[in-house]
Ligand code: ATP
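One chain comes next, on its own, written as structure tokens: the form predicted on its own.
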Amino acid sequence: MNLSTLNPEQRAAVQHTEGPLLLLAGAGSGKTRVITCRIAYLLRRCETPPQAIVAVTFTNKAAREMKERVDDLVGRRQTKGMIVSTFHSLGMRILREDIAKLGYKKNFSIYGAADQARLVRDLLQGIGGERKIDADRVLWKISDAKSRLLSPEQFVPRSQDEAELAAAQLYPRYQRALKAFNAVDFDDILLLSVRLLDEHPDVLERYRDRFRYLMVDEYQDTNPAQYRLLRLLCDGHRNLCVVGDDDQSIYAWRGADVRNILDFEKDFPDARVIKLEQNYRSTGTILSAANAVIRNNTKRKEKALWTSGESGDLIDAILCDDGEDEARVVVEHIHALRARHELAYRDFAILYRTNVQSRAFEEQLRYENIPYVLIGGQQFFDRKEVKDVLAYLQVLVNPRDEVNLLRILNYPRRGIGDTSADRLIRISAEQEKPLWEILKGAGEMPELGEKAQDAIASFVALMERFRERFRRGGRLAEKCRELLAELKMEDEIYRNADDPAKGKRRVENMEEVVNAMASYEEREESPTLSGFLEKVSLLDRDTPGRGTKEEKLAQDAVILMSLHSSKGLEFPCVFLVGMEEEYLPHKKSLHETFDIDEERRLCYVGITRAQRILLLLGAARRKKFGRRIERVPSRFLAEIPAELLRHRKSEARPELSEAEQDKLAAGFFAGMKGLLGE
């Protein structure tokens, strides 16, 4: 292998193969190249068996790209058996092999967000009484408990919040219900994997012997469950390489614990620490601004990005009158910079702290006929028509999956009304039998009525027939298409659509499930219906498909996205907008969580997305309930050295005098001393 193209720190990281390694990889420092080269080095130079190597990251896209790059370096034959996956895919490998030791059957279902919410809503009806408790908030509390490895018995409310109290009451019932349905939710994949390894030393020893080299990307984003899983797997051989940047830890709201990377040397006192500080993305001016902001965080690993490239232009800091003026200024700069630097529309990104900020920019871009894409919104596999198709397939694999069974029982409508469904559920509970068994015997229940009995009998016969057809093998996609035709799903979608155009889009989404199944069949050597459903359950939000983030970024259009969504991306020109207190830093961090450090890391992430041109914008005033409210400039603006900034005002507005404009500009760019207590 030729390592001469790597810088000294990158080369040292690649060649350190034995013992714990902390690789502090700053933004744009080429960490993916280092990880892939290190894997190739283990395979080629160290002659490590591929099945002994595990590389874990957070998205299927990242895992896929990493695997492809290793294949390019050493060839596919040499990587056969190597695991490059997400945490949850790794957990699924462990559970599929040994979950029976925890009392589950191997054909368990994985409940997605919609299935979980429906189950929680059903359980809430049993405790809610007159109160209406938000099921999503309860579910979030349970999810948070699981990410912290708290069992139902260990979960204790930390406040008198209604959702917190309800979660403590429901968590045990929720877990019992999941197990009764032979199902797990997304958080259980890690929770149960850890429990399995903790409780069964023979299983743990087997995986420790198999997985001799572990590598983890984006380690700063790991939660307690992921951390525990890694520690269990590596504590024998201690060949753990973690790659990350504490300065880019921005997912605390998702359970990420930055202390995992900050305390790595406490966990592994003999760890080698290598810093990747040379940046290959941004100009020197942009990096100086980023370093100046982030060094105000005290709980961090000391490092500073640098580049051997040009210093580049100064950063424009622009004071706008209000939100609409801010959008107008951005669009004017897009026109000017596109012509001056020969940029495409896709080279521009507008980044903001909250999605609500996008409205004014969308309106202005439309007005100017500038193409744009909005990253965010409902994802493909979350859409109702897609969930309906998947529900049928889930029940074909696992008839005890009662959440999905109830979803499809009368969809498309077949004459099994809510009253009949309620009776069936009650009988199931009274007889302590699965609902599917009750359905098969519905013909012996005169209280249901002849019409309902016939409808249930037809439904059961259809499901049994297609279960057998899928079991016999053959083309899965063709069988799925036949199932949808027999169900007349297309007719049902058009019947319920507000207009034909919406109906057409929903039918196309339904057809896309069949396309996804066909693609799965082409990729897999031994495709099965349960295998397809497992892949779907583990899909990340960035998985390729119609209108995905990946596809949107490929279009020649201006990108609008939140700072959280922008992590890992880079653009020639970035507009970081809403540089005001209560936007960035967000008001929640100011008044509730008091976590300014994470907000500063978000600002740092935004700055380091820019390659050549960076503009920071804010408004002096914004409308709130129709009234114009004075805004306070972001404290992060004052942390950037004045010599790196070019202060500007937007075009004068008629209602403001020159003196008023000067006053606003002075307050926006230099009035932070009092705010910061200087």
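Here the rigid core means the biggest group of C-alpha atoms that line up within 1.5 Å when the two forms are laid on top of each other. Bear in mind that the values here come from a model prediction, so they are computed numbers and not experimental data. In this text, residue numbers run from 1 along the sequence as written.
One more form of this protein exists, namely the form predicted in complex with adenosine-5'-triphosphate (ATP); it is left out here, but the text below deals with it.
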Among 286-294, 562-570, 233-241, 306-314, the region lying within 4.5 Å of adenosine-5'-triphosphate (ATP) in the predicted bound form by heavy atom distance: 562-570
Of 218, 599, 188, 401, the one that lies within 4.5 Å of adenosine-5'-triphosphate (ATP) in the predicted bound form (heavy atoms): 218
Partner-contacting position among 623, 33, 45, 648 - heavy atom within 4.5 Å of adenosine-5'-triphosphate (ATP) in the predicted bound form: 33
Contact flag, residue 26 vs adenosine-5'-triphosphate (ATP) in the predicted bound form, heavy atom cut 4.5 Å: yes
Partner proximity in the predicted bound form: residue 609 to adenosine-5'-triphosphate (ATP), non-hydrogen atom cutoff 4.5 Å: yes
Partner proximity in the predicted bound form: residue 281 to adenosine-5'-triphosphate (ATP), non-hydrogen atom cutoff 4.5 Å: yes
Exercise: residue 248 in contact with adenosine-5'-triphosphate (ATP) in the predicted bound form, heavy atom 4.5 Å: yes
Cα displacement of residue 610 between the shown form and the other one reaching 2 Å, rigid core superposed: yes
